[in-house]
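In structure tokens, one chain follows: the form predicted alone.
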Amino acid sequence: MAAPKNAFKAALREGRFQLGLWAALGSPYAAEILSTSGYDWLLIDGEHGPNDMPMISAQIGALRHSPTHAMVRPPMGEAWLLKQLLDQGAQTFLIPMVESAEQAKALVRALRYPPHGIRGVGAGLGRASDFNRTPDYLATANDEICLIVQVESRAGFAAIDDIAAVEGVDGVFIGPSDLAADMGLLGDPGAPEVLATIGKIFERTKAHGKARGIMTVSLQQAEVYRDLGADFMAIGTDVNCLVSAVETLRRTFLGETVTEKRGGGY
């Protein structure tokens, strides 16, 4: 018996667009609800969401037998943290603020067993090996790992060819809000200069045969990103969806005008 098949990684290799949603509430119950809502993948956010290791682990477990693939974003790409997430069953990782090929190579090594990497051999204690019930886990785990690096700065843009060329990097994900901020356009990810940079990053990423990802909470912006060539995209967050739903419900009942409000990025 081999490691679980990474359906998200397989879909990217086959050129099938993958639609996702952000999970930042830190709730396994909310993650379970989202997991049967028709999205291909769900991003469990440890960078900006109030998540710690037990909470992330519980959310991975909530998605384990659902049709929605669990992607995990740790706050940083530290090897010790990735080691724990791997053993808890995470197979797809979104690593923030990658700005060099050296960083990307270190991440590849952190996610793989020797001799190709530095991952510690201890998955028998965790969900990854079905608690040591998967006899061929060690021999097959590396092949099912999917590494998505997040390029969200001018430094990352400058190094995009070197980053995308790293073997073991499966895709490049753009953080439009952080990219805009680093370009001096804080709060304006839809600015023409930002869109032009995103287009160039997508172009260079495709040239290296890697998948291109991005996220937004604006459906209008999502169409723009899709036209630019996004291979996978998140089109909202659980937080924004909750805020929008409860405010729309109240305002509709009271006969008030429903207006869109956004101020925290994405």
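Note that residue numbering follows the sequence shown and begins at 1. The model shown is predicted, which means the values in this text are computed figures rather than measured ones.
Separately, the form predicted in complex with a small molecule exists; it is not shown, and the next lines address it.
Visitor: Candidate spot Arg16, Trp41 and Gly213, all three in 4.5 Å heavy atom range of the small molecule in the model of the complex?
Guide: No, because Arg16, Trp41 and Gly213 lack any heavy atom that approaches the small molecule to within 4.5 Å in the model of the complex.
Visitor: Work out which of Pro176, Gly156, Gly77, Gly171 lies within 4.5 Å of the small molecule in the model of the complex, going by heavy atoms.
Guide: Spelling it out, the residue with a heavy atom inside the cut-off is Pro176.
Visitor: Looking at 197-205, 63-71, 42-50, 27-35, which stretch has residues with any non-hydrogen atom within 4.5 Å of the small molecule in the model of the complex?
Guide: Going through the listed ranges, the match is 42-50.
Visitor: How about Gln150 - does it come within 4.5 Å of the small molecule in the model of the complex, if we only consider non-hydrogen atoms?
Guide: Gln150: contacts the small molecule in the model of the complex.
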